[in-house]
Structures are given as C-alpha cells and as structure tokens.
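Only one chain is included here, represented as structure tokens and corresponding to the form predicted alone.
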Amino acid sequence: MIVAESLVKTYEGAKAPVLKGVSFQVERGEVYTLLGPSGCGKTTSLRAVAGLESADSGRILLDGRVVFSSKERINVPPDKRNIGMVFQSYAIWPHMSVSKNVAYPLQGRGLSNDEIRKRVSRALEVVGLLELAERPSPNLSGGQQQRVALARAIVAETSVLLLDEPLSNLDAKLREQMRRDLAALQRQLGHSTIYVTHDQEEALALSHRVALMRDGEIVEEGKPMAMYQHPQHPFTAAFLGAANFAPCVIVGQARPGDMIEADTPFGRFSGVARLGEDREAKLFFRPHMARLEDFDAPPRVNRGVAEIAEYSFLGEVLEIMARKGDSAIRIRTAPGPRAAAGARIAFGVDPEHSAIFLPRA
C-alpha cells in the first residue's frame, strides 16, 4: 500500500507551489494513475514517493512504513525505500548486456550469485526476454528496452512499482501492445502501482483508479469509466475525451446532484446538475452519446436541432460539426451517406448521458 498525505512542494524561485496538499492512497494490487497536463505536479508526486524529490511538508508511507515525514523529520533515501521504478527514458546502461542491466539493482544486497541469476531469469521470463539475456543493450528495439526497464524494476521483488510515462517514447502501435502487456504484468505480480501519464487513453485502459491533476492539485479521483461517463468537474469532462459544451440557461431551481432542465441554442435538455467553474451554465455531453433523429418528429426535451457545418472522417466514426447561431457541437456516428453542408438535422441525448455544469457561485 502507498499513502501520500498533504504533500506540498515549492521549487526555489517559483511563484506557486508545484504540489498544493496532494493526498492519495494506493491499495495492494491496484494501478493508480496520476493523469494531467504538463506541469500539473504528477511527476513531482511520483518522485516524492520514490524519494527522488523531498516535499516541503506532508507524509508518505509504503506498506505501513513511514519513509517521509516533515513533522517527524524522516526522509528515507530512495535505495532504502524498497521500490521498483521505470523512468521515461528507461535509463538502460549501454555497456551492459540485458541480464547485467536487470541484475544491477540486486548488487550490494548480500545475495549469492546463484540467487541473483534466478531472480534475473524470473524477471526476464515475466517480460518475455529470457532468450535475449546476453544480448548487448544497444542492440534492442525501443519496445525491448522498455521491457528491460520493467524487468529491472521488478527483479528486486518489491511490492511497490512506480512508472513515469513509460510508453511515451514508443510509436502508437507499440504503445497499444505495451499497454496490454503492462496490464497483464500487473495482474500477474499484484504490485501497488503508481502510473504517471498525460495520455488519457493510457489512463483509462490501465487504471483501477485515476487521479486527474491540475495546477498541483487533484481535481477529481475515481474509477476510469465513471469519470469518463459521469465527470463531476468540467475539467474532467474536457480532459478525458471529446466533449461538447453548450451555453445554457437553467430552468427553475438547481442543486448539485439533481436532474434539472436548461435551455440551449439547440433546444431544451435535461441532465444532472454539477458544480461548474465558469460564469455561465453549460450543457455537457460526449459526441458519441448523441444520436441522429428524424427531423420531422415532434419537439421534446433532450432533442436538439442544428445545421451541418462540416464533416470529419475519423475511420471508425464520422464526426459531424453542427451549428446553431454562434454555438457548435460535434456528433459522432457510423460512416454512411452524408447530407449536404447547411442541411438541418435533429439529434437526441439521453438525460443520464448529459450533465449541466452550474455557474460559478
């Protein structure tokens, strides 16, 4: 288990803290992803857990052991925290073979040569590189280097694994394969894992829980599907995938959590009220949650009308940009016959797939 409590960190000369009281807990066998844009504090949080950064205040526990506490003046060095870590750059030693790279973290631990060989073989077998044990490291592909870094992180058989954007240097096809491999590896080993990424697709695919960060704080935390389908915060709605936001005017009283109605340029819609952060209310729904409907059907709540502005063919889906006055939304549907630009269309969105973000108080 990993516990971080109220981590604060300010770099010298900075105008604001890079961490503003960050707290989270990672259970045994869980992949917990710190997700967010560059500069949000996710890597600093990871490095604080690893001991590569010292927070100004707060507390960190690994498997119940306090490894950092500003109050108790405890700061255990990185090599004494019993963790495995994979860096973004992999940090593979070019003058060493695969097996020697993997064995490196075991040096100085008092293990016999036979025990080191057994552990290295087990780690390489887990990542599928046992047959390349004696290959020189420079003769590896990018994906193989990433696997060596993983093997080196797990060879010490720790319970904590820290991954700092480990797939960012791979091409798109290899990233997809390695996502599946990482998920399988995690299920097999059961580490408490912190995974850092700016890629929402990686976060959704790999995580048991996601913490979305912005400006040194966790904006929202939860299970990936719930955060994607029912975001509690407008930043989550925008960051985790394609999103529509339409200006609207609330009808009647509105309290967070209630199903309410609002008038938009496209028509009247109902959705769950959520706390917003802008001066005006906004209707939110994802483009694939909208469906095209018969334009001549009678008006009703959660049915909008608009004019086609343009199309974008995205392979598996066709994206329609539709406008009404100065407002625009996107609708994603299966590729098929296209109406001409300027044609009027009707679309529907179910209330449970909509949210109405209230104006900032």
Partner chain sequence: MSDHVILEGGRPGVARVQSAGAAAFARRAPFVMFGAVLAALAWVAAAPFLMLVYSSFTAEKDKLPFETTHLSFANYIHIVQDAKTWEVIGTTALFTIGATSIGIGIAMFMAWLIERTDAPCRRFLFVATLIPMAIPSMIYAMAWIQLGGPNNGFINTSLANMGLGFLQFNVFSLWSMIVIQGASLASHAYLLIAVAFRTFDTSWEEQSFICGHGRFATLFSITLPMLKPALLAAALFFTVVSMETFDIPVTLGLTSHVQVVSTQIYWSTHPESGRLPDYGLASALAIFLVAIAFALIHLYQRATRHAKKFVTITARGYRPRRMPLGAWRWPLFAAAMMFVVAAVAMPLFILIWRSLLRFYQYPSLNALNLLNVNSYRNIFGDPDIPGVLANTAKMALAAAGATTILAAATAWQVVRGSIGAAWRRRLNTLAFFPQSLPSVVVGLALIFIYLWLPVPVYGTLWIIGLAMVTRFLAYSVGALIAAQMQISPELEEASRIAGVGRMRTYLQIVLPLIFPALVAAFLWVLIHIVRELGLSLMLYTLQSQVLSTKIWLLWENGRVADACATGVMTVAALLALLALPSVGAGLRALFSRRARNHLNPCETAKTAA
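Positions refer to the first chain, counted from 1. If you superpose the two forms and keep the largest set of C-alpha atoms that fall within 1.5 Å, you have the rigid core. All of these numbers come straight from a predicted model, not from anything done at the bench.
Keep in mind that the form predicted together with the partner chain is not shown, yet the notes after this line are about it.
- Heavy atoms within 4.5 Å of the partner chain in the predicted bound form are found in one stretch of 227-235, 211-219, 97-105, 245-253, which is 97-105.
- Site residues 76, 157 and 169 are all in contact with the partner chain in the predicted bound form, judged by any heavy atom within 4.5 Å.
- Among 190, 138, 257, 128, the residue placing a heavy atom within 4.5 Å of the partner chain in the predicted bound form is 138.
- With the partner removed from view, the residue among 270, 200, 186, 145 that has a non-hydrogen atom within 4.5 Å of the partner chain in the predicted bound form turns out to be 145.
- In the predicted bound form, residue 119 approaches the partner chain with a heavy atom inside 4.5 Å.
- Using a 4.5 angstroms threshold between heavy atoms, residue 223 stays clear of the partner chain in the predicted bound form.
- Although the partner is absent here, residue 47 is a contact residue: one of its heavy atoms lies within 4.5 angstroms of the partner chain in the predicted bound form.
- Residue contact with the partner chain in the predicted bound form: residue 173 places no heavy atom within 4.5 Å of it.
- Annotation for 86-103: interface residues with the partner chain in the predicted bound form are 87, 88, 89, 90, 91, 92, 93, 94, 95, 96 [heavy atom within 4.5 Å].
- Relative to the superposed rigid core, the position of the CA of residue 109 differs between the shown form and the other one by 2 Å or more.
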